[in-house]
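A lone chain, given as structure tokens: the form predicted alone.
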């Protein structure tokens, strides 16, 4: 298959944007031209010549010579405006914005069909782990029982520090900030939102249901203390933040994000620091495990580059499970919410938010 010559317009030049630039320049087998980069801050010094930058989004969106838009900004609302406008203008898009994709999932899928374009977002769900492409291609006709894992590098890094060093949550979080694995406002990560958005995206490809994030129950790690961690260590366990989606019967699935006890015989036990891991269980392929870096500009940039390369061959997600319609219902597991919210105070202090796996 012949590759299309790509002329890329990119939005954002932060950690992931610079990481993409590095991996693209280091690639031996694939070349593409980033012809324009749109950024907000006019005063910030950049590491490449300023002639590449613009501060006006229309310089990219209305440029007919640019045939691929790469969106790598933090603002989900601004990202949706950029992505939707690009698709309406007939441009293919690659994005890493999990909040934007999760909140507008079905609308974005419908826009791809309407405007005959491709939207790829592998980096939005598992950073360096190619879980979406595997669900689309390898599991397209597989009977998938469940999917679970670790999908947030920040929380995993914090929990690893607490486990290894016996330190308080706040001390571990501050160290994660210093290492660049946590934002100044880490709520999106530590409260479980980030993992939930990623789980919603994965669910669309695993089961063909486009869930509203508000439908999915989540509970983060921000109430876990070093005493919880110590209890786990005494039992030979670790605590991990685990998103889960799986079948409850032939046509119904459930999903949630919770801190869980992990025993040493489980795959996720040794997934530490900023690494992510995903476990799939299926009728024919049985159990499979994927692991890779879940944070950092180069790790995420590598996934973005993979999408850019796939786009040059005309690749599009086909949403095969959605087309098959094999799962039609979603149920929220209210028993989990009751367990977390209505136990007695003495038990809550020791075990708040921790569920066995």
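Small disclaimer: the values here were computed from a predicted structure and weren't measured. Residue numbers count along the first chain shown, from 1. Superpose the two forms; the largest set of C-alphas matching within 1.5 Å is the rigid core.
Note that the form predicted in complex with a small molecule isn't included here; everything after this is about it.
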{"query": "Options 229-237, 244-252, 149-157, 129-137; stretch whose heavy atom lies within 4.5 Å of the small molecule in the predicted bound form", "finding": "149-157"}
{"query": "Touches the small molecule in the predicted bound form: residue 181 (any heavy atom, 4.5 Å)", "finding": "yes"}
{"query": "The small molecule contact in the predicted bound form: residue 198, any heavy atom under 4.5 Å", "finding": "yes"}
{"query": "is_contact(residue 301, the small molecule) in the predicted bound form, heavy atom dist at most 4.5 Å", "finding": "no"}
{"query": "Exercise: residue 205 in contact with the small molecule in the predicted bound form, heavy atom 4.5 Å", "finding": "no"}
{"query": "305, 295, 68, 60 - the one with a heavy atom within 4.5 Å of the small molecule in the predicted bound form", "finding": "295"}
{"query": "Core-aligned CA displacement of residue 101 at least 2 Å between this form and the one not shown", "finding": "no"}
{"query": "Threshold 2 Å Cα movement between this form and the one not shown for residue 176, core superposed", "finding": "yes"}
